Each structure stands twice: as C-alpha cells, then as structure tokens.
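Next comes just one chain, in structure tokens: the form predicted on its own.
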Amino acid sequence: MIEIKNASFQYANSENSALNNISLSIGQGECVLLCGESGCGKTTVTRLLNGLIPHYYEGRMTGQILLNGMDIAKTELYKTARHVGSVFQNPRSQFFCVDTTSEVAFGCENMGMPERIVHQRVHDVSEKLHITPLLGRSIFNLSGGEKQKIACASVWAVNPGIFVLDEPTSNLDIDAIEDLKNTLLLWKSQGKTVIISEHRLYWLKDVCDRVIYIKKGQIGFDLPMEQFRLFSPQKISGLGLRTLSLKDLSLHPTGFHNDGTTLVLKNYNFSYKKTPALQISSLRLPVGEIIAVIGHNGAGKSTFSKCLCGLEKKFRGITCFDGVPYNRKKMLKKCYMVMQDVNHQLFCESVDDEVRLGMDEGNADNVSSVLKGLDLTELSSRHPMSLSGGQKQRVAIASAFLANKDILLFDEPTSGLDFSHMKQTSQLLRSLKGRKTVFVVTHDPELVLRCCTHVLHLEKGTEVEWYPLMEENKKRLIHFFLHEKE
C-alpha cells in the first residue's frame, strides 16, 4: 500500500511549487496512469515514490509518503530500491555497465545476493522478457527499444513490489511499445504495483486500472480507466492530453509547395563496420516540403539523417540540391539537425544564449517570437541542463528554427512533449513549408498528421514506400502505426 499524505514539494531555486498538498492511496497490484500537461507534477510524483525526492533532488518538502508504513523520506535510497524499481524516460541515464548481462545483474550484485541467485535472476527475467539474444552485447550498440528492455530487466531482476515508469515510450517504435505493454501486463499478473507517467495514452487504455490527472501540482481527477475511456476526443484534447485512440486522429491538410525543385540523393550507402545500415541508390524528393521519415527501430532513419546532413565522416554519397551536387562537407553547412538526445547539443549557460548560438544574424528579431511560440519565454534565463526533457527538446527546436539553414532535420522532435507542445511544434514546422526542406524522423502519428506533406517509409536501410500525405493515404499511415494491434 502506497499513501501520499498532504505532500507538497518545491524544487530548490524554483519560484513555484511542483506539487501542492496532494493526497492519494495506491493499493497493491494496481496499475495507475499519471497524466497531465508538461510541468504539471507527474514526474515529481514518481520521484516522491522512488525516494529521489528528497534524497537526490533538493527542495522544500512537506507531508508524508508511506510504503507499507515505511516513511520513504526517512529511508535510505538503497533500502527503498529493494521495494521500488524505476524505469526512466532515457534508460541510458540509469545504466552503470557497458554490457547488457552485467547491467541486468548489477542491481542484484549491488544488494549482495549470492552469485548463484544472481545468475538465476538474470536467466529468469531474460527468458520472461524474451531478451536472451540481447545478453552479452554492448549497451552502446542497442536500439532505443532494446535499451528500454534491458532497463526493465535490470529493475525486475531485483524483484521489487512496485514499478515506477516515467515517460518510457518517448523514443520507442510501435513494436517496442507493444513489448513494453506486454511487460506491464506480465507484472500485473504477478500482483506487482505499477505507476506510469506518460503522454502517449492509446497503448495504456487496456493496461491501466486507474487514471490520475494532475493539473498545476494538484490532482484534477482520479477515475477508473473504464470511466476515463468514455471521455470524448474533444474532452481529452481539452484536458491537454494525447489521443486515447489512433483511429480518432484527423489529417490536418497542409497543401503542397510544388515548385518543381528537387533534392536528389545518390549512392546513399553506409555501413557500421561490415553491417549495412543504409542502401539507397537514388531517391528524388521535393524541396520545400515537410517529409516524415517513419520506420521501426533500427530501420536506418537516424543513419539516413546523419548521412544527409554530413555528420557521418565516412559517407561518400552525393546530394543534388536544385541540380547542384553537394558532398558531405558542403551539406554540413546547408543542414541543421536536432538530435534524438538533445543533451548532446546544449552548450550555453542560458536558454537565450543557446538559441542564439548558431543563429543567423538576420533572425535576431525573431528570437522572442520563436521562444514565445514554444513556451520558452519564461525559461530564457534558465540553464538548459536544468530543464525537463521536454523543455530541452523545445530549446533545441528553437535553435534549429533560428539557424536559417536550407534543410532542417528533426529526430523525434516531440519526444516527451504533451499535446499542447506537440501542437505548437507542429504549427512551427508547418510555417516552414515552402521556405525550408524539413525532415521529421518520428514515431508520433499525431505529429505527422498535423504538419507533414509527405511520408518516406524506411526499413532495413532502404526505401519501402514514398507517398504524399493526403486523405486517401491517411489509412496507410495509421495502419503502419496501429500495426493491427489496437
């Protein structure tokens, strides 16, 4: 039994409280969804439950968090970890080892379990999660979905009674989400308690028993999932939440630029060591359009992006822009890429300095409007690394808009974004049509339907299909994301 009694928390150096006098009880074996707009307090609740508040995140806390009568705030983190396992938005942030087998075993070894028991735990969770083929591999060579599976396995091996997950699907494809869904159902069948903070709701409607909606640090409502599922799509979006059903999504026509100018990709072939990752001999794309790049994890989408913008030094393909050939070095000057992990491209001491770092001087007057359009104005003096994952993502997007490059590439730009900020991002992307050529690598069908004009589907490093995004092609896109599993 988890009890939160009149809990409030304000982070150090923050002017506002993240949580304001919330109280709730979660019974053993319940699967609970925490939802709400970015910054509402969902992640703070998860940090209260796993003890990261107050033992890791500093601030002012009042109230009590009890786990079977144990006061988590007064309990050492290593003791709490025996009862509460955590899976974070970015699984790499919780890895301690460089190979998968050691990572799965780490928690058990850290708790001093006998070697025989550790080996048995690793074997058992690997069998149940179907990840035995992943054992013995380098952590650095795994896809996003594979890393998430290793994170789940390492937590499960300790055998806690409670699992806390914070935005676990932000970088996962449809198959990886389905695998995670099956993992949650398996934990439920074992009587585990699961608390999951998430923006993507459609995959959880058959998993969670209960929905807790948080708004501005307080509980807006606490309902059974059966009742929440009766909410209309309009009511769901009015709450600032993502859709409960992909079938309810509508296409937002953007029109096409269509001036006849093309981007021709030639000999787009690339391998990691001896493993082919990209094999496109020739591909003709329209300039000035917003192109969604879709495919399963490992399909070659990120490799395609890095080759296109010249980041892969050994890439020898040629890009013809309006009939003019460009090699890798020239493409570096012509492109700007927002990476999937934006922590790799945040360098400055403030948000304002960050978005101006690579800015074209002609865009100086647009800084305030771009910051406002992405809800970053009030954060302009904050250090980028002090922001949440979704806020960092928006800072990187703002930098791309102000860089004034001809080709912009966004790798999962709505990772960790709620409905409102996803919509804002889509509007800004739409505004670039006809002025820039934009590639959006994404697993987010809501974003694609709101702003993209074309779809490029890659699998195993090669083109599967290419089509303009019109109403008659909407079903093709939804079919891909549903994967006949909704």
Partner chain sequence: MQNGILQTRIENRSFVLDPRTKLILLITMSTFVLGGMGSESASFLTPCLCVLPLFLLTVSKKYKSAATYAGIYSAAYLTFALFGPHTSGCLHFLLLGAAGIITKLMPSLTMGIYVISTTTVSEFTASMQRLHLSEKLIIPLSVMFRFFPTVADEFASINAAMKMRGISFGGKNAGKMLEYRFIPLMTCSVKIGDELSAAALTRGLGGTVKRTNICRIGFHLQDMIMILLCAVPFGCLFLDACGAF
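Source: prediction; values computed, not measured. Positions refer to the first chain, counted from 1. Note that the rigid core is defined as the largest set of C-alphas that superpose within 1.5 Å between two forms.
The same protein also exists as the form predicted together with the partner chain; that form is not shown, yet it is the one meant from here on.
Contact check for G112: a non-hydrogen atom falls within 4.5 Å of the partner chain in the model of the complex. The partner chain is not drawn, but in the model of the complex it has a heavy atom within 4.5 Å of N141. Shown alone here, F88 lies within 4.5 Å of the partner chain in the model of the complex, counting heavy atoms only. Heavy atoms of E349 reach within 4.5 Å of the partner chain in the model of the complex, making it an interface residue. Stretch 116-124 is the answer when you ask which of 257-265, 116-124, 186-194, 232-240 has residues with heavy atoms within 4.5 Å of the partner chain in the model of the complex.
When the partner chain is considered in the model of the complex, only one residue from L379, L311, M225, L204 comes within 4.5 Å through any heavy atom, namely L311. Contact with the partner chain in the model of the complex, defined as a heavy atom within 4.5 Å, holds for exactly one of S245, S250, S282, S93, namely S93.
Relative to the partner chain in the model of the complex, residues A81, S154 and Y272 are all within 4.5 Å by at least one heavy atom. Scanning 339-369 for heavy atoms within 4.5 Å of the partner chain in the model of the complex gives M339, D341, N343, H344, Q345, L346, F347, C348, E349, E354, L357, G358, M359, E361 in sequence order.
Core-superposed comparison between the shown form and the other one: the Cα of P384 travels 2 Å or more. Comparing the forms between the shown form and the other one, the C-alpha position of N343 differs by 2 angstroms or more, with the core used for superposition. The Cα position of R356 differs by 2 Å or more between the shown form and the other one after fitting on the rigid core. The pair Q393 and L428 approaches in the model of the complex: their C-alpha atoms are at least 3 Å nearer to each other than in the form depicted. Cα of L432 to Cα of L387: at least 3 Å shorter in the model of the complex than in the shown structure.
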